[in-house]
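Listed next as structure tokens is one chain, alone, in the form predicted alone.
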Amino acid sequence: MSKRKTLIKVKPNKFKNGDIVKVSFMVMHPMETGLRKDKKTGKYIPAEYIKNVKFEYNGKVFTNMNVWETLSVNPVLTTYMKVDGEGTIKVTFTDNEGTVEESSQKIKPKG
């Protein structure tokens, strides 16, 4: 399966050590519940949704979310973290088919 497009955003854009920042993660995902029918064939579209999302900062988990199929298409998940120096934010997600993908972004406090 191909790797999905993802985006990690940290706000505000400028922050210092010790600041609390907002971390948003967006993934291009169909989030099919398995309850919708294909208009052409009349058959149910197989379920395909994200089950778990884990946020890590420098290898330490700071948020672990268990989510359900009721999230919107291309979901955006947001959490907060305290900046403790330069490092990498890594987000790993697992879907109901067992596919595991990850995305990461380096951050560097200014000041």
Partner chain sequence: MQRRDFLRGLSAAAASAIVVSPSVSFAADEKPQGSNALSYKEALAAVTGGKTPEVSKKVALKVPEIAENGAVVPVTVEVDHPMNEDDYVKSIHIFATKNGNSRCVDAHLSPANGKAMLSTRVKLGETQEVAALVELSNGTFLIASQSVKVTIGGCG
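Note that the structure is a prediction, hence the values are computed from the model and not measured. Residue numbers count along the first chain shown, from 1.
What comes next is about the form predicted together with the partner chain, which is not displayed.
Contact between Thr41 and the partner chain in the predicted bound form is not found at the 4.5 Å heavy atom cutoff. A residue is said to contact a partner when one of its heavy atoms sits within 4.5 Å of a partner heavy atom; Ile45 fails this definition for the partner chain in the predicted bound form, lying far away. When the partner chain is considered in the predicted bound form, Asn64 lines it closely, a heavy atom lying within 4.5 Å.
Remark: Ile20 counts among the residues lining the partner chain in the predicted bound form, judged by a heavy atom distance of 4.5 Å or less. Using a 4.5 Å heavy atom cutoff, none of Val91, Thr99 and Lys110 lies near the partner chain in the predicted bound form.
In the predicted bound form, the partner chain lies within 4.5 angstroms of at least one heavy atom of each of the following residues of 72 to 86: Ser72, Val73, Asn74, Val76, Leu77, Thr78, Thr79, Tyr80, Met81, Lys82, in sequence order.
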